[in-house]
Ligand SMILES: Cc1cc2nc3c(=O)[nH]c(=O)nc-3n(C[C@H](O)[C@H](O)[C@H](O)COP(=O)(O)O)c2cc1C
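Given next, in structure tokens, is a single chain: the form predicted on its own.
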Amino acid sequence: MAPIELPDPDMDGSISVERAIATRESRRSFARTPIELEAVSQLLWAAQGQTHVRDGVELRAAPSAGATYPLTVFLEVAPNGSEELEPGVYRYDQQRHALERELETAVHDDLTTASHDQVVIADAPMTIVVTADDDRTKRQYPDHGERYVHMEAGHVAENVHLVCESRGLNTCPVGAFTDTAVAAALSLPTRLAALYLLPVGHRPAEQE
């Protein structure tokens, strides 16, 4: 299946970084409104998108120890979560700024179960899943590689959170889930472990 090209990300937000930091909250409720492809583009670019090249190295939106880039980002789309994307699981290809469809069937119920039936996952039209291949970083940093990978996942989550804040979207980073169940729900390769779930959705009218 051909990759789904995403719109170019917007480099000029409507509010300042400082304002987004000041107003940022973990918000756990979502409107029943599909997420637009433009918003998907912006969020995934903030998570792992390529930004510029320095000394022949393609750098991404989130810092990575030694530019080892151990993270792979997936997008789980719930039924009715998007008018432009079918339900299922997509992998973000940062080089092409595109989505590769990994699973063509909805896995939303399985992901919710794997997350201990948390309402924030159940109600989200989409969930960004941050996964890692620790060995990519541990080969270069055997003593502290795992620590660096977890730090990098935190950088990604904050980027996503601030973009949500700047665009009137809600998110709440989730770390409570059963690792093996999330891996099974998403059919993750054995080299990848899930580190973070970032459910995303529009704000309900009462929060606007």
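As the structure is a prediction and not an experimental result, all values here were calculated from the model. Numbering starts at 1 and follows the sequence shown.
Heads up, the form predicted together with this ligand isn't pictured, but that's what we're talking about next.
Site annotation in the predicted complex: the residue of 155, 28, 139, 147 reaching within 4.5 Å of this ligand with a heavy atom is 28.
When you look in the predicted complex, the only residue of 183, 39, 61, 172 with a non-hydrogen atom within 4.5 Å of this ligand is 172. Across the options 65-73, 139-147, 175-183, 42-50, residues that bring heavy atoms within 4.5 Å of this ligand in the predicted complex belong to 175-183. This ligand is not shown here, but in the predicted complex it comes within 4.5 Å of a heavy atom of residue 24. By the criterion of a heavy atom within 4.5 Å, residue 118 is counted among the residues contacting this ligand in the predicted complex.
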